[in-house]
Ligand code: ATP
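As a starting point, one isolated chain is supplied in structure tokens, in the form predicted on its own.
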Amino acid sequence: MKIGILMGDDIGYEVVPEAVKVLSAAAKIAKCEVEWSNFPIGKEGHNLHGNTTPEVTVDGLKAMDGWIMGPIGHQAYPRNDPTWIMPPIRKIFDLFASIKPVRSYNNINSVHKKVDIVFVREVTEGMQSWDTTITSDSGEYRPNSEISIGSRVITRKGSNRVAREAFKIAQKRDRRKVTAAHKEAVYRLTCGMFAEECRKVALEFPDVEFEEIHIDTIAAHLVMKPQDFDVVVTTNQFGDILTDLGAGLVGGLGLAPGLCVGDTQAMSQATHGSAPDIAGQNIANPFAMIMSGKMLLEWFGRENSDPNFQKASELIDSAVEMVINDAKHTTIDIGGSSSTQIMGNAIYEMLEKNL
């Protein structure tokens, strides 16, 4: 497997190396062949090549199976300068599904226990993607000073492939259940098309339970009884909201890993931001970045029917859970007092014991 390393900005330089260290150890134990390559992105890309998304990085990633990308501090970038933009990596490589698991741990304070949900969100269209709109460059426009309009585009292709990804994930889980979250009763054409495609895909996976629920209803149910859900698939903006809600249920964004997948490539990227206020202090929680990398190995194993990569991901799962349940080596945000490196080293050492 060829994996790219993109540090990102700020705390990316602290959490990404921990992820690479842990993934390398797990791959070695599980006898997975991994080739690593470094590429500049964000501030580093601009310093070296005059752009936050340099061509050398885009060209290099084309040869990768996947990559780990650290958080991007785009809010601090200069405005109105096209060389300083949020790197549009998902758009360039058509990474259409954002996969974000939320899981509770016994030793971490959370609203609920025994939560284990995977949110699958379409990210190439809808209210927050503007490629498919024809009204303006931003997806929004203001015909006069009193009216502002936002456009939403839903396609059968986009809906079908994100639903298919959700069902493929559910097939590998114990509960084998997919919940499609939409608002078809109100948005009969847009949410209606999304729901239609989910139903079509469900027929191809008779071994997976399928249900539909309105977006407002699922928000209430997630707060009250999140244990009812296994894999939740939804559209772009609805998914953006639900995934943060899910992270809040189990302890916050520091425990929120993520993976964006396309047809042949995938990108690990934690949900949290670049946290410039704590950058350089060695206190950032590496959990989300490590688990995002773990998801990359898991995805590659599933897509290529390679049990070794599946084994590597399971080893990381086990090592992380043991370190978190011990609490002795966890970071401040989840009740411990250790540094980023100490927590990463503890997970690495737990893997080394297996070796």
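It should be emphasised that the depicted structure is a prediction, and the values quoted were computed from it without experimental measurement. Residue numbers run from 1 along the displayed sequence.
There is also a form predicted in complex with the ligand; it is not shown, and the following applies to it.
K.L.:
Just to be sure I understand the contacts: of Asp174, Glu146, Asp277, Asp207, which is the one whose heavy atoms reach within 4.5 angstroms of the ligand in the predicted bound form?
P.N.:
Only one listed residue qualifies here, and that residue is Asp277.
K.L.:
Only one of Arg161, Arg103, His182, His272 gets a heavy atom within 4.5 Å of the ligand in the predicted bound form. Which one?
P.N.:
The residue from Arg161, Arg103, His182, His272 that makes the contact is His272.
K.L.:
Can you pick the stretch from 149 to 157, 74 to 82, 103 to 111, 191 to 199 whose heavy atoms fall within 4.5 Å of the ligand in the predicted bound form?
P.N.:
Stretch with heavy atoms near the partner: 74 to 82.
K.L.:
Could you tell me if Leu253 has a non-hydrogen atom within 4.5 Å of the ligand in the predicted bound form?
P.N.:
Answer yes; at least one heavy atom of Leu253 falls within 4.5 Å of the ligand in the predicted bound form.
K.L.:
Please check if Met343 has a heavy atom lying within 4.5 Å of any heavy atom of the ligand in the predicted bound form.
P.N.:
No, Met343 sits far enough from the ligand in the predicted bound form that none of its heavy atoms falls within 4.5 Å.
K.L.:
Consider Ser268 of the chain shown here, and say whether it contacts the ligand in the predicted bound form, taking contact as heavy atoms within 4.5 Å.
P.N.:
Close contact is absent here: in the predicted bound form, Ser268 is far from the ligand, nothing within 4.5 Å, heavy atoms only.
K.L.:
May I ask you to state whether Ala284 is within 4.5 Å of the ligand in the predicted bound form, using heavy atom distances?
P.N.:
Yes - in the predicted bound form, heavy atoms of Ala284 and the ligand come within 4.5 Å of each other.
K.L.:
Only counting heavy atoms and a 4.5 Å limit, does any residue of 326 to 343 reach the ligand in the predicted bound form, and if so which ones?
P.N.:
Only Asp333 sits within 4.5 Å of the partner.
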